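Next comes just one chain, in structure tokens: the form predicted alone.
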Amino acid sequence: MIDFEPTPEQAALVAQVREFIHERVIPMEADPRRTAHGPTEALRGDLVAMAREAGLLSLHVSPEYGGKGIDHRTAALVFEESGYSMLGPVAMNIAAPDEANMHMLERIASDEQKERYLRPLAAGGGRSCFCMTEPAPGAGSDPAALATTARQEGEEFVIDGRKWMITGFDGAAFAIIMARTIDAQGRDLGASMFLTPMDVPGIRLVRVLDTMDASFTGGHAELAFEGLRVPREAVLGELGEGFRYAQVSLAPARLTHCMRWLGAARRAHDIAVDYTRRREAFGQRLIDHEGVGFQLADNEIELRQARLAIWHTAWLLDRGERASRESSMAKVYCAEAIYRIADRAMQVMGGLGLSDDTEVARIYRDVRAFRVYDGPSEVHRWSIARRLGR
């Protein structure tokens, strides 16, 4: 049975996060260092310092690496609160891709790799990126199209390929690279993951992409690996197991996206409700017009349903289940419901909703991208339908 009542410890942590977001983070939203490509590194550093001081940094990692080791159900509560400001997950060091990369490193990396990469990442000292997606005809929604190669030469691997839509690449301290692995005998071993610092030859930033969303530090980039040499100890886990290891982070990562953006949707809804209570037209408050009130009622319904989908999937993950189907269903529903919530909030606010005088327009732009990130809705629907046909 799922218990929906937060424990006293969970309730206290949620209250602490809520106060931190409202008192410390939201006032930073007007900072000019919020750019079209996300918060600058300097702004991120200031935000992280505030969360560190408040004891709210990297809560999802184990105490050994400075976190609290919270479970998925606690994360559902805390991450939603963090997302009430688009800067909240950045401050608390639980934004993508770092949050999922920390989760994967803690599960898969060697002790030496954890000390070199995970510990400083969890401490907020730098950022990471995950290099999987490629321009056509390479891997996108279909990972089998992976074109980047890692060819073994003695005790090294030479990586060549092109990646794009790589979140946070510009300014990241290190990268996790997915590449098709060719051993010294020319055999294709399948996909493997490789860890590399960014300050080495063979990595070239092609361009930072102009995208409609602007909540990720470093934005999204296109890059090239050109004869990048990494040692054998750079392999994350075992050779040829890259796709299997990716599953370690996929279901939880889809869900944490849902958690964070649910908080953003709730913020847009709250702003809209507040505005429609104060604004009058045709002799009454906007919220008293059915055309407005019904849209806000639909928001309330979808906020509740999205939250329940997240909580159920988190409960399954905490029971040790893979929850791949449930996380796909939650991702599709939440991504589309959250977009509708932000769209309605913008609509009932009229011209004010279209402006940057409130956070609503920014939230709308960011959550639209969620229907594509971490697998488009269509791919998840295809995956769910395929299971039905077995």
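Residues carry their position along the shown sequence, with the first being 1. Just so you know, these numbers come straight off a predicted model, no measurement behind them.
The same protein also exists as the form predicted in complex with a small molecule; that form is not shown, yet it is the one meant from here on.
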property	result
The unique member of Glu302, Asp213, Glu222, Glu241 whose heavy atoms fall within 4.5 Å of the small molecule in the predicted bound form	Asp213
The single option of Ala122, Cys131, Met86, Ala251 touching the small molecule in the predicted bound form, heavy atom within 4.5 Å	Cys131
Heavy atom contact within 4.5 Å of the small molecule in the predicted bound form, the stretch among 71-79, 105-113, 131-139, 262-270	131-139
Val379 within 4.5 Å of the small molecule in the predicted bound form, heavy atoms	yes
Partner contact for Ser192 in the predicted bound form: the small molecule, 4.5 angstroms, heavy atom	no
Exercise: Leu316 in contact with the small molecule in the predicted bound form, heavy atom 4.5 Å	no
Contact test in the predicted bound form: Ala11 vs the small molecule, heavy atoms, 4.5 Å	no
